[in-house]
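Okay, here we've got a single chain as structure tokens, the form predicted on its own, with questions on binding and movement later.
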């Protein structure tokens, strides 16, 4: 953006909502989750976690959840926002069936944080316009789909739950940048421990416009999941371009995303903030945010991903890409740091970012769902480092370790998996493999280098994967000269 005007082909801004992992709602003590009882299937009965405050009954007096403010402060400071020294809440007035009191308590005039930033891997800074706290409305329950249900039910259990909203400046230039921005935000939330990925959801409203229309923007509401956000943005950019090619006039509108059809559809023409008629909430007195509170929160911030990447590069001599991959997953980064105290950091980084992630993907588990102990990983990689076992054997043991705990060294001993280091024995096995692989040998001698892998595979099979594949390959090449 130059002098307040856009100068790119695509302009994207995001409004992101997530539910911080609080036990009670934003302005009352009602629980955010159903109580789990032992030996009983917990079921969240509708409209059971409510009170006069979150239902907005006349005369009820909301009171701010202190922890919600702490979490908002943490995020604001982690994103280098300037923090408001006074916390003010407003009533955002609009009529909707999921809003019992016809207004939502939010922040408008003075957000908790503003003018922050998130830096992408390219070094590009995406500005954060504001961060504020607000309450969630109730949820509408449709017996069938929203289009063919004969009636709609309302569950107020969600009403009043705290949301943290983050609004970016319109500085993203592609759906790919938007996806990376969201991933970076998710990582920062992991480090701050203010969001539960297992139960929480990050939703985004995306504002999209293109140069051809003079940047007339559409807002796509409530997109959930990083992949879906990227899909919706890709579709919407293409839809707007197609509309301009067909000489259609675009107008500001609000659209919904249908993940099944992969299309956006118009919900309504766009409201402006002025349409909501914000007024300061008279039941919530302004709260001072002292410099002492800000400094204390700053001191309590953990080392964040960007700082960790720099340290991994300088302290452990990792490549920038290895450092970035490890730091972008908090569980992986913490495991790496523990393992790197005992094992060569380069070796540890390679095994954790490649092999461990591969195992997690194979078992369809998130990294924090893997049953894993750093002492077992250290013992395993120690044998790899000393070339006591082959990479193949280590890969197999690593996969087993994610399912149950055991001593890798004891396992290797019991199953006789120590690497075959006897050169004479390997030579005999290579001769045997050559004798049994004449077609592959002919191909190799004819110039097909890859054909030698077939022979290497035979030797690995004879040794049950305990030979050093690279050593076997070298040995075969010498024999076949």
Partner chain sequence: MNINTTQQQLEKINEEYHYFNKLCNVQTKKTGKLKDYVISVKDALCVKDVETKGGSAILEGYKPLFNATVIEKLLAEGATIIGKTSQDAFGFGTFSTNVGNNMQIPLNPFDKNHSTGGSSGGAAGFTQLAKKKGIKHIALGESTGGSIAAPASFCGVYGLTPTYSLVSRYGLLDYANSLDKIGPIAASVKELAMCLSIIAGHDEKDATSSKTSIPDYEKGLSKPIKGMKIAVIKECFGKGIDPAIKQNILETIETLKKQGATIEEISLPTTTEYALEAYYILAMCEASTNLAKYCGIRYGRHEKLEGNFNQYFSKVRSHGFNKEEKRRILLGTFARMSGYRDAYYIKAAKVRTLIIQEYKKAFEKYDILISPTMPMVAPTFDEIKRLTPLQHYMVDLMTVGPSLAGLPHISCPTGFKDNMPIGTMFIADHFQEEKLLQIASSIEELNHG
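Positions refer to the first chain, counted from 1. Since the structure is predicted, the reported quantities are computational estimates derived from the model, not experimental observations.
The protein also exists as the form predicted in complex with the partner chain; that form is not presented, and the subsequent description refers to it.
Participant: Do residue 58 and the partner chain come within 4.5 Å of each other in the predicted bound form, heavy atoms counted?
Facilitator: Heavy-atom contact with the partner chain at 4.5 Å: present for residue 58.
Participant: Though only this chain appears here, would residue 52 touch the partner chain in the predicted bound form if you measure heavy atom gaps against 4.5 Å?
Facilitator: Residue-level check for residue 52: yes, a contact with the partner chain.
Participant: Is there a heavy atom of residue 63 no more than 4.5 Å from a heavy atom of the partner chain in the predicted bound form?
Facilitator: Output for residue 63 is yes: heavy atoms within 4.5 Å of the partner chain.
Participant: Quick one: is residue 91 in contact with the partner chain in the predicted bound form, heavy atoms, 4.5 Å cut-off?
Facilitator: Residue-level check for residue 91: yes, a contact with the partner chain.
Participant: Can you pick the one in 276, 191, 411, 215 that has a heavy atom within 4.5 Å of the partner chain in the predicted bound form?
Facilitator: The residue from 276, 191, 411, 215 that makes the contact is 276.
Participant: Please pick, from 406, 103, 235, 226, the one residue with any non-hydrogen atom lying within 4.5 angstroms of the partner chain in the predicted bound form.
Facilitator: Going through each option in turn, the one that passes is 103.
Participant: At 4.5 angstroms, heavy atoms only, are 30, 75 and 195 all close to the partner chain in the predicted bound form?
Facilitator: Checked in the predicted bound form: no contact with the partner chain for any of the three.
Participant: Heavy atoms within 4.5 Å of the partner chain in the predicted bound form: which stretch among 170-178, 105-113, 389-397, 289-297?
Facilitator: Result of the contact check: 105-113.
Participant: Going through 150-164, which residues have a heavy atom within 4.5 Å of the partner chain in the predicted bound form? Please give them in sequence order.
Facilitator: Contacts from 150-164: 154, 156.
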